[in-house]
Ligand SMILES: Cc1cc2nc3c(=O)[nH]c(=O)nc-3n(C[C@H](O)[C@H](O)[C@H](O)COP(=O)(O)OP(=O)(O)OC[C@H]3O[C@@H](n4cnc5c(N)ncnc54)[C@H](O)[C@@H]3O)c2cc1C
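The chain that follows stands alone, in the form predicted alone, written as structure tokens.
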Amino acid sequence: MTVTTLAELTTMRVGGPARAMVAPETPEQLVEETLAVWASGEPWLVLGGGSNLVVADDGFEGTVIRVLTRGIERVAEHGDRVRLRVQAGEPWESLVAYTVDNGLAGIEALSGIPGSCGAAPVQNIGAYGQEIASSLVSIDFLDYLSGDKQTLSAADLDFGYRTSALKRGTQGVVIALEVELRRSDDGLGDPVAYAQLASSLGVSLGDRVELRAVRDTVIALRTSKGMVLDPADPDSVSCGSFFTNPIVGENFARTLPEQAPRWANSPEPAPVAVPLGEEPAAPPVQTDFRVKLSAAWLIEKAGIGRGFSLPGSRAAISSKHTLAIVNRGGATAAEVAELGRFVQTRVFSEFGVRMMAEPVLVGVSL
């Protein structure tokens, strides 16, 4: 299978051609064709929904493994718990719609997120108080080093905020995953755990709300921020949030303006702010409570508002949400990266906080 450019297969709509591409549609084909690509010794890249990927304008000089497997299957039921087996190429939004339609609670707040199910645990996708880490049981994983198919439990994946052992360097391909959800005989979702969602629903934190209402409200919130793919919305031509919310030490957080939003995290060694282009130092010996900051607030207060763009650039900050970089039409990956670097520099200069890109960057760097 050939494709003109990877821009056609990514939501940011940037990226040159791949040298070659395979597009397996069954789990067996996925294993067979992946092993063949690995045996060739050439560079390779896994592509799911293309919603978290920025590829260089020169393209990718290797083989793209485009995962097109589909399927959702009930494999076990224990009391009020239902376990589903989902193929890696199944769109994430299809899975969430299935669970809500079938009265299963646990991922309803993850509605409207683009991309594939196989990519979800790599990034540990999360939104509005839920993460896939809380419902994932295991994944089937094809290991690059051994060529063997392995089953990895959620504990094996060492989940963190928007990260996992897979994202941090374990090479391979997710084949399928199993998630366990709660059967909701009363039609209610999990306790609402995010203030903005609770406010939009007109309830208090911790209240339980009908699954469909949670899903519809989350999609409406995401749409208002340009975070739901829509051909009629130029602000949705993006990777969603381009930067993660920074996590810093409690002592460092106290140096920020009092009005800077922040949320407590677990106590563990905290990263330190470092100049752009330098490697972080070894973590300090002492334990410091970690604090999550608002990336959107930092960007705005660094003087970068909605709709901002560099002179002559076709990449811009979304007019709906400062966390998203959008392609206003014909932007290049170089323009996207240039704007990303500008945001990093401004925020670091103003607050001493190093912003980290959320999407996977292929052939480009910030």
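In this text, residue numbers run from 1 along the sequence as written. Computed from a predicted structure; not experimentally measured.
Only in words, not in the display: the form predicted in complex with the ligand, which the text now covers.
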Going by heavy atom distances of 4.5 angstroms or less, which of 126, 249, 246, 234 would be at the interface with the ligand in the predicted bound form?
126
Of 96, 157, 113, 179, which one comes within 4.5 Å of the ligand in the predicted bound form, counting heavy atoms only?
113
Within 4.5 Å, heavy atoms only: does residue 211 come near the ligand in the predicted bound form?
no
Please run the contact check for residue 59 against the ligand in the predicted bound form: heavy atoms, 4.5 angstroms, yes or no?
no
So in the predicted bound form, does residue 45 come within 4.5 Å of the ligand, heavy atom to heavy atom?
yes
So in the predicted bound form, does any heavy atom of residue 228 sit within 4.5 Å of the ligand?
yes
Counting only non-hydrogen atoms, choose the one of 199-207, 220-228, 184-192, 100-108 that falls within 4.5 Å of the ligand in the predicted bound form.
220-228
Contacts with the ligand in the predicted bound form - residues in 44-75 whose heavy atoms fall within 4.5 Å:
45, 46, 47, 48, 49, 50, 51, 52, 53, 67
